[in-house]
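A single chain, nothing else alongside it, follows as structure tokens in the form predicted on its own.
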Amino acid sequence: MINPRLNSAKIIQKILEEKVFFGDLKKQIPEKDLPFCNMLILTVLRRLTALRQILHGFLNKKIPNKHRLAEYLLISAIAEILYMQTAEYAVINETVKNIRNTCDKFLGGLANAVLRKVCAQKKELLQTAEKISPLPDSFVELLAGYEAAQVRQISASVMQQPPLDITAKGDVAALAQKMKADVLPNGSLRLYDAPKVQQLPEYNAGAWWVQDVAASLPVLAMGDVAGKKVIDLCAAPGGKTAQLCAKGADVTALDISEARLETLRQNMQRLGFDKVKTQAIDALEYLRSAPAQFDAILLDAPCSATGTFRRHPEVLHIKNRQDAVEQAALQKELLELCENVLKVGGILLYSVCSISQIEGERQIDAFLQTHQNYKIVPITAADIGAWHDALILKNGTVRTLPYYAGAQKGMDSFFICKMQRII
């Protein structure tokens, strides 16, 4: 029988030390343990900087590297005591047992003493934790270019439990009524306490798909694509591909991963978009071979994914400035090759789910300085569903931020730029 607390600590260790996403490890959690483990792991990841500081305040020396698992077990236990409604004795007893079984007896005694002190000082520790930023220094470096007030708001949004956003294929108002969902200005549906996705109305009928409201804006910004040949260069899992199909585009969807592309195909089949042409190929290779001419390109480029920390708080701890720099180099190469397949007069829509301006604002500024054959087509509030102008930067590009007040409970952070090839 798998011990859920021990399993959770091992997953947290793997996430942080091997820099992998939690979603890639969820299959290691038995279905019956998933609600508890999911809450515990996400709580730890959102509050890790404070939890580490609290733990280290009770230690006279570092836990030996060979027993690092004990540190993750202790951090998880402190998270449970402070933020979850679990009986304190159960947390202490099982954590001590897990540490004794996996590390050594001495550390088991240390764990017992530390956790009893945490219980005794719970009120004071909660007050201390609230004063500690959830953003590690390495993530703050990614926020170069933002004002101090913006960084404070970004930090506060880490604790925001993200809602479930849905893009509807047909009658938005009717589906919203069935789901008891809010309708956002761009047409997305928002649910705050949703059951499992597959249990929602019209799932099997293919009437909608899950898509953060910010992720829906790039395709909206493209404008009228009905009847046009559009290529989605990095398409899987297919949310934006589905939007293009719903708008009547003739879509070619590429992805480097055959497995991810198969997921896209299954999603399109459920949604009834069976005319999508797909190809498993590196977008760089495809663009270099220039096999076709397109009216529009959607380049939702590979990126650091740092704009998704509300849903994936692990990115706060496993991504840093170097990741953004490396992704920016790939984005630059993709952007430069797009003209091989884009018609003169065609639209190039560039977007990234990164909060780093290295991959967004600075990327496009540098690109336009050396590519006189493109111009920015300003995105308007009407283009993206009557959203408040606060999303739109002075040059007509879009930057969404997690604390945007126009949508209750915010959104992911995206950068979006619409360009036209003029030569």
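Numbers for residues come from their place in the sequence shown, where the first is 1. Bear in mind the structure is a predicted one, so any value in this text is a computation, not a measurement.
A second form of this protein, the form predicted together with a small molecule, is not displayed here; the remarks below concern that form.
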(message) Under a 4.5 angstroms heavy atom criterion, identify the one residue in 158, 103, 256, 207 near the small molecule in the predicted complex.
(response) 256
(request) Report the residue, out of 234, 194, 119, 91, that has at least one non-hydrogen atom within 4.5 angstroms of the small molecule in the predicted complex. (result) 234
(message) I need the one stretch from 338 to 346, 220 to 228, 301 to 309, 160 to 168 whose residues put non-hydrogen atoms within 4.5 angstroms of the small molecule in the predicted complex.
(response) 301 to 309
(message) How about residue 260 - does it come within 4.5 Å of the small molecule in the predicted complex, if we only consider non-hydrogen atoms?
(response) yes
(message) Under a 4.5 Å heavy atom criterion, is residue 240 part of the interface with the small molecule in the predicted complex?
(response) yes
(message) Using a 4.5 angstroms cut-off on non-hydrogen atoms, would residue 129 count as touching the small molecule in the predicted complex?
(response) no
(request) Spell out, yes or no, whether the shortest heavy atom distance between residue 282 and the small molecule in the predicted complex is within 4.5 Å. (result) yes
